[in-house]
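First, one chain by itself: the form predicted on its own, in structure tokens.
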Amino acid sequence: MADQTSDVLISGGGIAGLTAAAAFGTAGFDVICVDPAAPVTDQEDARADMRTTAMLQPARDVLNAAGLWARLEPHASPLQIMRIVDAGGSDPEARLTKEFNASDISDLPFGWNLPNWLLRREMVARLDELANVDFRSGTGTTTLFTREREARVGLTDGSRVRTRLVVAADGRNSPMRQAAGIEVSTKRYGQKALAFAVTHPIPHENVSTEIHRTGGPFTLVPLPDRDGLPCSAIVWMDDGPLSQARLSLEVEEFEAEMSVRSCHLFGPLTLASHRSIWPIISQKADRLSGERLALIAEAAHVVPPIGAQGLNMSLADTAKLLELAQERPEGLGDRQMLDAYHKARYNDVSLRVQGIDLLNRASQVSTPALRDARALGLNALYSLGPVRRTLMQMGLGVR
């Protein structure tokens, strides 16, 4: 079988990989994108990813350039206010609430929330429009062989692709990263997160609410109304055994427990989807590039789902990589380009991974004294105008 050729080979067809394929394809590069699993694009499918992603302002620019934003905007819920609630007292009640309004720093919302299954649906449809993008679901990568001028990637169907740039968007256990011998540093918290959707009688008014108590945050992010009722996506982080036990609770019992954990801020919560669960870790690759290889998304960095940083960091990876490719198309995938990519992204990634790690550890505290200290810290940060503004800008993904 003759080798196939492309400008860019993207290993991984998750949200980050599909976005990268659309971005490079829209920019005119020939792209092959592979993933061993077919994307689940129907929310009723038991395998559907029930998490949501808050696309922050810089992410919209990346999606627009990739021809995706026009498809996504009709389904997006704007996030105008981010509310942080400390409920660390003896009872699960809101004892301190602070709100960060995007209007303090911008004419636009902080971002827009979208279900992950819907993102995949619209992204696959966009790739179908691009004649220069070949998306192959059901096919994965197996081997990576690089030389100064090109890379050769073996696929699970027995074929091989010769390409100028390999983009590893193939997850926290990235086969391409491992093939390149790039090590990672990993932290484990003993937590797992439940993700699901709920309806509730009290409107969310486009406010994203993060409630801190013990074990991890309980976060409600606005979604479009469902069946005439306000709807939110929830990520509930807690110690692993507790989350695992809640996964199998009867619906009525689960609804009662999550309503208490939400401090009843939106009234009684009604489960509106199936529940999914995944482990929480923090991880960072020692380098973001190798010979003819760039790491993006969870192949490069993994953070707990706090502050909507995960995928937005991933889209910043794609934006920088594409910018460098367009500046010197003749140097696509060469050492100069990939060294520049590592240098441009590594410090920012390191800072955000460290910051989210500290926030997550603070959210886990259980002793009354430490919970009181967390509340005092939140109040102090909010009260300092310049600090609050800086935190909001960092939350948006800008510096």
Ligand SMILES: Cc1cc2nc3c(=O)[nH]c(=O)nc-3n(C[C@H](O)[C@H](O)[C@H](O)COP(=O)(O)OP(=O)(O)OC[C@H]3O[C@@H](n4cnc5c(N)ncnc54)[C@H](O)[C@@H]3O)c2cc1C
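All values reported here derive from a predicted model rather than from experimental measurement. One rule holds for the numbers: they count along the sequence shown, beginning at 1.
Same protein, other form: the form predicted together with the named molecule, not shown, and the subject of what follows.
Of the listed positions (Val235, Met258, Ala316, Leu72), a single one reaches within 4.5 angstroms of the named molecule by any non-hydrogen atom in the predicted bound form, namely Val235. Taking Leu68, Ala54, Val31, Leu338 one by one, only a single residue has any non-hydrogen atom within 4.5 Å of the named molecule in the predicted bound form, and it is Ala54. The closest heavy atom approach of Arg120 to the named molecule in the predicted bound form falls within 4.5 Å. In the predicted bound form, at least one heavy atom of Trp278 sits within 4.5 Å of the named molecule. Under a 4.5 angstroms non-hydrogen atom cutoff, the named molecule in the predicted bound form has Gln309 among its neighbouring residues. Interface residue remark: Ser77 is not counted as part of the site for the named molecule in the predicted bound form, having no heavy atom within 4.5 Å.
Candidate site formed by Asp35, Thr141 and Gly171: every one of these residues places a non-hydrogen atom within 4.5 angstroms of the named molecule in the predicted bound form. With the named molecule omitted here, the record of contacts in the predicted bound form names 296-304 of 296-304, 158-166, 210-218, 102-110, defined by a heavy atom within 4.5 Å.
In the predicted bound form, the residues of 4-38 lying within 4.5 Å of the named molecule by at least one heavy atom are, in order, Ser11, Gly12, Gly13, Gly14, Ile15, Ala16, Gly17, Val34, Asp35, Pro36, Ala37.
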